[in-house]
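In the form predicted on its own, a lone chain appears below as structure tokens.
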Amino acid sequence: MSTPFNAIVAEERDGKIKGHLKTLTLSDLPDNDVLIDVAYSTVNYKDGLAVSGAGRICRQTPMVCGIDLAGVVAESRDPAWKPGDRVLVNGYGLSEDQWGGYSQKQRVKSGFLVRVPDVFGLDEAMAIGTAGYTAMLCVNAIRDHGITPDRGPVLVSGAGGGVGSVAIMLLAKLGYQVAAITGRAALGDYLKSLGASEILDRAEFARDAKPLEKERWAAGVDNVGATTLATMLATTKYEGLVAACGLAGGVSLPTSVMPFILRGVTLRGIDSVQAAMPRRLRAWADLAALLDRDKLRLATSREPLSRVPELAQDILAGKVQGRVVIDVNA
């Protein structure tokens, strides 16, 4: 009999799907080709929805939650991976239709694996996690659009969260002037320590904007959606770009075609879940080259697996600052 281990498993109880701490064995895991001794996971907004049951993320139950994991290969039926390899997984349906990272052990498909860059510890890989990797995809979209620092400031919404915090670090490192939107005034010093040069109140953007307003931003990274995204689009400069990757404020977009037609603004959707492997590898290589690890530590806290249900509620309530690493073995 295999040694039991802990996981956060979403199951349906009284008509609701919620995650709770549960004991599993290897025989419970899916029959995928790589067995991983998981070291760390993390908490993203999507994890909050899945574990709390606030969003229908888990498409089947039981489901081990957690859209990220980092660990070491224990067994592999794929010759591309061998025991001892340090690996990470972001997205690919983890916590939706693939068992996820809130587990001390997990079997995953070999095609999901990315090697952890040598410069990062496994805990740092999860301090970055899907949030940081998504931030890098957004920043690369801005760079690939030809928007250079001399074009003007870049606006980041949801700045106190994981995507926002890492986006600020990356943009500042690349020489961009960064304006950070937050509804938590107490985070001002924290955001400036990451590289933000201007702190803006969320209320300035969470409003009904005119179709076009004064041009202010060369580009934007939006984690919120709804009226915040509409206001960002209305205030983006000619031929600017807004990379949209979140919907914490809602799924609607109350805008018009005017920013796109009259100013040539581009709205670039960023999906991290099913992004092609070349884009993933580029993002992780860029993170290894650009990310200030001291600033990453400043933005990171660590919690045990048992606190995940509580943290799921906190992240949905906007109470989580920066990145939270989950030590699945604590």
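Quick caveat: nothing in here was measured; it's all calculated off a predicted structure. All residue numbers refer to positions in the sequence shown, first residue = 1.
Heads up, the form predicted in complex with a small molecule isn't pictured, but that's what we're talking about next.
* Asked: Given that the small molecule is left out here, which of Ile17, Ile315, Leu24, Val9 has a heavy atom within 4.5 Å of it in the model of the complex?
  -> If I apply the 4.5 Å criterion carefully, the residue I get is Ile315.
* **Sole residue of Asn90, Ser103, Thr236, Asn223 within 4.5 Å of the small molecule in the model of the complex, by heavy atom** => Exactly one residue meets the criterion: Asn223.
* **Triplet Gly162, Ala248 and Ile270 all within 4.5 Å of the small molecule in the model of the complex via a heavy atom** => Every residue of the candidate spot has a heavy atom within 4.5 Å of the small molecule in the model of the complex.
* Among 181 to 189, 75 to 83, 139 to 147, 210 to 218, which stretch has residues with heavy atoms no more than 4.5 Å from the small molecule in the model of the complex? -> Within 4.5 Å of the partner lies stretch 181 to 189.
* Asked: Can any non-hydrogen atom of Ala131 be found within 4.5 angstroms of the small molecule in the model of the complex?
  -> Yes, Ala131 sits close enough to the small molecule in the model of the complex that at least one of its heavy atoms falls within 4.5 Å.
* To do: Give a yes or no for Arg107: in the model of the complex, does one of its heavy atoms lie within 4.5 Å of a heavy atom belonging to the small molecule?
  => Close contact is absent here: in the model of the complex, Arg107 is far from the small molecule, nothing within 4.5 Å, heavy atoms only.
* Asked: Quick one: is Pro259 in contact with the small molecule in the model of the complex, heavy atoms, 4.5 Å cut-off?
  -> No.
* Is Gly158 one of the residues lying within 4.5 Å of the small molecule in the model of the complex, judged by heavy atom distances? -> Looking in the model of the complex, residue contacts with the small molecule include Gly158, since a heavy atom lies within 4.5 Å.
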